[in-house]
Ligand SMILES: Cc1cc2nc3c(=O)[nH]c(=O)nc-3n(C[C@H](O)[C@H](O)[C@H](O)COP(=O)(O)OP(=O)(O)OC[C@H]3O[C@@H](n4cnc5c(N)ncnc54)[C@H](O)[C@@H]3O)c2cc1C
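Single chain ahead, written as structure tokens, the form predicted alone.
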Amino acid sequence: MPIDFDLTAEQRKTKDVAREFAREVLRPVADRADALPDPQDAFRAMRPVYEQAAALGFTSMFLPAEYGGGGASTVDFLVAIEELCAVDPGFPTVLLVNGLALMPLLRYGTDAQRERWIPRAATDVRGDFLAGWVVSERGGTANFDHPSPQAGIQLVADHDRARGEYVLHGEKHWPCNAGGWDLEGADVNLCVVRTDRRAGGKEALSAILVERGTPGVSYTVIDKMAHRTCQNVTMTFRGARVPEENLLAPGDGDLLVNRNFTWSAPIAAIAAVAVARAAYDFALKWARTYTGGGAGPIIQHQAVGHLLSEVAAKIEAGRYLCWKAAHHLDASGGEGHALGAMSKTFCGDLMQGVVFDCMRIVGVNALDRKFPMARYYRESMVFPLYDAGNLAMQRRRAWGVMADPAFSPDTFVDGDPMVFTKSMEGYGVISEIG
């Protein structure tokens, strides 16, 4: 099969529909919501956009067709996400987190769990269904696979066998979508929990589905400098009781976390590329018309022309790395942990440099809020920090894969899948607890 960078007719249609939706529906609402002082008001303002996104299938296109979803590949999803994020990267995070909450059910869930939740989400065309991915904690989550019970995930789920329930105590910090539109909770929150107080992260973690309205759970919205069109909360559990049939991946919560952030990595990466693309688009138009007081547009100056050409090359390189990582995930059944992590860290870091270079081209006018550059700068700060962080979990996962004797420099170019195992975890963890 030849190496091919051409989009299929269906992917081009997806791109066109997503671009029109982003410009005509998303942009005007997102611009207003971003300026609202109350973060929950900003999130609620996006609900009509979410409803229209559901009608177009964007909220469930990544779910299998057998459950009523769009059956889209990861590459297909990237094509749509780039168009949305080029207008506003916050709102597509809501869609991404739906996937982070539901995709683990396909691999780790029971038949009953899958049948209960996935068709409900997949067939939602009115925007009624919202799911949350709940893993991060206030003390940090990068060392979730730490061998000490006192480190890593500290939201504890104790098994009350007599009542057939798990009792949750603790706190999560930064989960997206989790509070729902009304702060009564998303329809379902997939929470990574510690089900063994005495074991380390490779043995003690599981996941549990917490349904909307569960007593003992409260939500406090976090006020963020960027991505204001999606919701992040502090989620507090005080003796919340959850049926034991809501447990999944017992003892394999660590693998679930790694696999989830592998799936989301090229999606977060293409979102970063999209913000870089938006900044480049504005800077290019500016350079073609702005004279800086000279005789002609500043694009005629060598310094500007050279810098624009470097910016364009970086965006193209980032996009194709995202496509490669997504294609590798699709071809290997999701076993693309290192390449996915590389795409996310590379593009997140690259994008910040691109946005800054575009601001240099625009000059002092980049600081004027009537132009979009100030917002691109704020949004660019998010990408190296969220979705497992560029300095932490993403690079640690790539490190663990490359340390395995089966890995070679030809692994990715040859498209060879590598199953991610617990032996690849724990790299970089300092095991001593002071």
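Each residue number is its position in the shown sequence, starting from 1. For clarity, every value in this text was computed on a predicted model and none was experimentally measured.
Keep in mind that the form predicted together with the ligand is missing from the display, and what follows is about it.
Chemist: Indicate whether the ligand has at least one heavy atom within 4.5 Å of a heavy atom of residue 7 in the model of the complex.
Modeler: Close contact is absent here: in the model of the complex, residue 7 is far from the ligand, nothing within 4.5 Å, heavy atoms only.
Chemist: Considering only heavy atoms, tell me if residue 53 and the ligand come within 4.5 Å of each other in the model of the complex.
Modeler: Residue 53: no, not in contact with the ligand in the model of the complex.
Chemist: Since only the chain is shown here, I'm wondering whether residue 377 would be in contact with the ligand in the model of the complex (any heavy atom pair within 4.5 Å).
Modeler: Close contact is absent here: in the model of the complex, residue 377 is far from the ligand, nothing within 4.5 Å, heavy atoms only.
Chemist: Would you classify residue 348 as touching the ligand in the model of the complex, given a 4.5 Å non-hydrogen atom cut-off?
Modeler: No, no contact at 4.5 Å.
Chemist: Which residue among 282, 323, 219, 174 has a heavy atom within 4.5 angstroms of the ligand in the model of the complex?
Modeler: Exactly one listed residue reaches within 4.5 Å, namely 174.
Chemist: State the residue from 105, 354, 135, 85 whose non-hydrogen atoms include one within 4.5 Å of the ligand in the model of the complex.
Modeler: By the 4.5 Å heavy-atom cutoff, the listed residue in contact is 135.
Chemist: If we take heavy atoms and a 4.5 Å cut-off, which stretch out of 224-232, 72-80, 113-121, 305-313 is in contact with the ligand in the model of the complex?
Modeler: Selected range: 224-232.
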